[in-house]
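Same chain, two forms, each on its own as structure tokens: structure 1, then structure 2.
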Structure 1
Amino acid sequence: MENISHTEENYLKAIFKIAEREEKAASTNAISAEMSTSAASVTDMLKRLSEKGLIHYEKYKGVTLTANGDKIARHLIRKHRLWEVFLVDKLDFSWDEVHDMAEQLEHIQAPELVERLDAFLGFPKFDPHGDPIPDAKGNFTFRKQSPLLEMSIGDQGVVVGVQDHSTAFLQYLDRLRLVLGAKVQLVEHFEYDESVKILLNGEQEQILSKKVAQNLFIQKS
């Protein structure tokens, strides 16, 4: 087990993310876009990660994570999301403020710290954006959820997550009171611009743009 740098960790996370999103091997270009580095830098790094046994790499063929690489990536995501819960639940940050801090905290290497933090937080299964937190073995809790936009008239449910994690979107959701746990019922689809009308918390009718409805995950009830 060699040492692994922060930078290498970030590449593993990027590869994991791409694989999850695109459901195939990550290309050099995809990684370079995800990391905001040049394709040449990515190629260099892929060679290094491959030598360390963290990825499967064949020239021109894209890469996948080895079992070990995958484990490290999941552990990073675990740490990132646990720290986000800490920042929001204990230090009262809001969900749009915590990403950059968690991005740093996820690189802290101290396995016992992670386990104790998990316990201190009450073994949360989801982070402040509704994303699942892998357990110590790397397993995610799955949840049936669908974008608000894909619900049918009359369907009811609860806001459980977001697709877009941008500050702008999260702050906008706060304004609309569309926070995690909010109850929504789909009232109407407007074909013209694909906007939707919802009933929020059984009280208030509201119209949401297609963009908002697309990026909001609902668990139907």
Structure 2
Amino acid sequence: MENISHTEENYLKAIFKIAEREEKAASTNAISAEMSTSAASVTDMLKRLSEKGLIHYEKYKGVTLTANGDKIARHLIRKHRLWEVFLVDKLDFSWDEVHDMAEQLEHIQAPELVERLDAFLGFPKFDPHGDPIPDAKGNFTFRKQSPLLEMSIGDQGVVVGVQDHSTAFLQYLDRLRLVLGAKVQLVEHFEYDESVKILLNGEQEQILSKKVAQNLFIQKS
């Protein structure tokens, strides 16, 4: 990982996440949106990463990570998510506060610290937002989950993750008590605007917008 800047690391992580989410090579436009920067800046960075052997980049064909680029991205994601667990579980930050702090902490280059942190936390498999944490070899633990919007009427399950990590969304979920571990049952789909009615924790009915329902991951019971 020598001679790789924090910005370059962030690009590698963004490319990894886009490819994982969209199940295809990351486009320049997708990277631009993910990094909140111009397409021209993205193109310049891709050339630099390609020269360092961290990505495969062909104009108009998208971007994929090389084996080395993939390894770096997974390690960054591992550090980021472990630090989020630490900040929430040990320092009592809320789940909507920790992303930016973890963005800074993930760039610490101290492998022994990361392994001790993992052990100290009890080798967690998922972060406070329900995202899987890669192990020391870069392997993720996956589970069967689906967006609330895709559940059928009568289906029951537990909230295990969120697609949207924005502060506004997480604070909104807190107000609704739709946090990780909450039990939900789908009561009704509304055709007009694709909103849904749920029964929360067996006692309270709530109507959720399509936007909320498609950003909540449920593990069916």
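If you superpose the two forms and keep the largest set of C-alpha atoms that fall within 1.5 Å, you have the rigid core. Treat the numbers as computed from the prediction; the structure is a model and nothing was measured. Sequence positions of structure 1, starting at 1, serve as the residue numbers.
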Notebook entry, point to check: Between the first and the second structure, which is the form predicted alone?
Noted result: 2
Note to self: My question is whether Ser152 is one of the residues whose C-alpha shifts by 2 Å or more between the two structures, given a fit on the rigid core.
What the structure shows: no
Check: Aligning on the rigid core, do we see the C-alpha of Leu199 shift 2 angstroms or more between the two structures?
Finding: no
Check: Does Arg21 count as moved between the two structures, where moved means a C-alpha shift of 2 angstroms or more after fitting the rigid core?
Finding: yes
Item checked: Glu51: CA movement between the two structures [superposed on rigid core, Å] -> 3.0
